[in-house]
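For reference, the chain that follows is the form predicted alone, supplied as structure tokens.
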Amino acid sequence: MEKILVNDILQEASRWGFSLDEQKAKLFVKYYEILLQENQKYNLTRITMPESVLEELFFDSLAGFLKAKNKTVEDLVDLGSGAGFPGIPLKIYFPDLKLTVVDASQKKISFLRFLINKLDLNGINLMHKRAEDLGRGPGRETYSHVTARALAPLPVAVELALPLLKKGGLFWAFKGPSALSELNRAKEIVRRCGGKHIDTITYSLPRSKKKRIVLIFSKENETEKIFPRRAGIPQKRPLEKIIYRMQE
């Protein structure tokens, strides 16, 4: 197994322009070791080379928040976190962050429970739950910040995320180059879920030059009662397709 050293983490942080101390760098080293160790068991990620993990998983998870104008995030819900991205890197960087991780896969939740125990991280609530069920139940219009990275096409991600936000809350959608075309298709569901697109953060990964876009939405009004639709429906019948058929 290839290793990542503390100096590798600190050098990569400097490349990104991030301020990172040695204690946090050690946590990222341990995270990498556990990720590789458990990857064969849980099939967590295809990205395993040290430089790629640092760039595409760890620091890319931080970039959207650290490049934003408002960097104050006290509580965060991470939807479909998988192997912990972006939630766990954000928790390492912001130790006081109150983090809720939601994932429908029991295997992923089991991995995350093992991970946070090994990293000795506190203030993390793990939920084995569908985002639709959370949004239709106890989590509805409760949280200040929601994030999703590689969760689903934007019209689906919006329907899952915006119902969770209380008024004034923010949804951070981590996307790739297709983000702006997805944004156009998501306009109606954004409106009906009470949201408004307020900011776009664009950057490229320093080594690979891959383009990243983070779309930020604010919660302006209450979500219509029918959203989110019951579990599985947003993915099977995205609102954009229903609207398109009605216009034919």
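The model shown is predicted, which means the values in this text are computed figures rather than measured ones. Residue indices: 1-based, along the sequence shown.
Just so it is clear, the following notes concern the form predicted together with ligand SAH, a form of the same protein that is not shown.
Only one segment in the set 162-170, 128-136, 115-123, 90-98 has residues whose heavy atoms sit within 4.5 Å of ligand SAH in the model of the complex; it is 128-136.
The putative spot formed by Q23, K26 and F58 is not touched by ligand SAH in the model of the complex; no residue has a non-hydrogen atom within 4.5 angstroms of it.
Ligand SAH is not shown here, and in the model of the complex it never comes within 4.5 Å of any heavy atom of Y143. Taking the partner from the other structure, ligand SAH in the model of the complex has no heavy atom within 4.5 Å of any heavy atom of S178.
Interface membership of P155, defined by any non-hydrogen atom within 4.5 Å of ligand SAH in the model of the complex, is ruled out.
Contact between S110 and ligand SAH in the model of the complex is not found at the 4.5 Å heavy atom cutoff. For the partner-free chain shown, V102, D103, A104, S105, K108 of 96-111 come within 4.5 angstroms of ligand SAH in the model of the complex, judged by any non-hydrogen atom.
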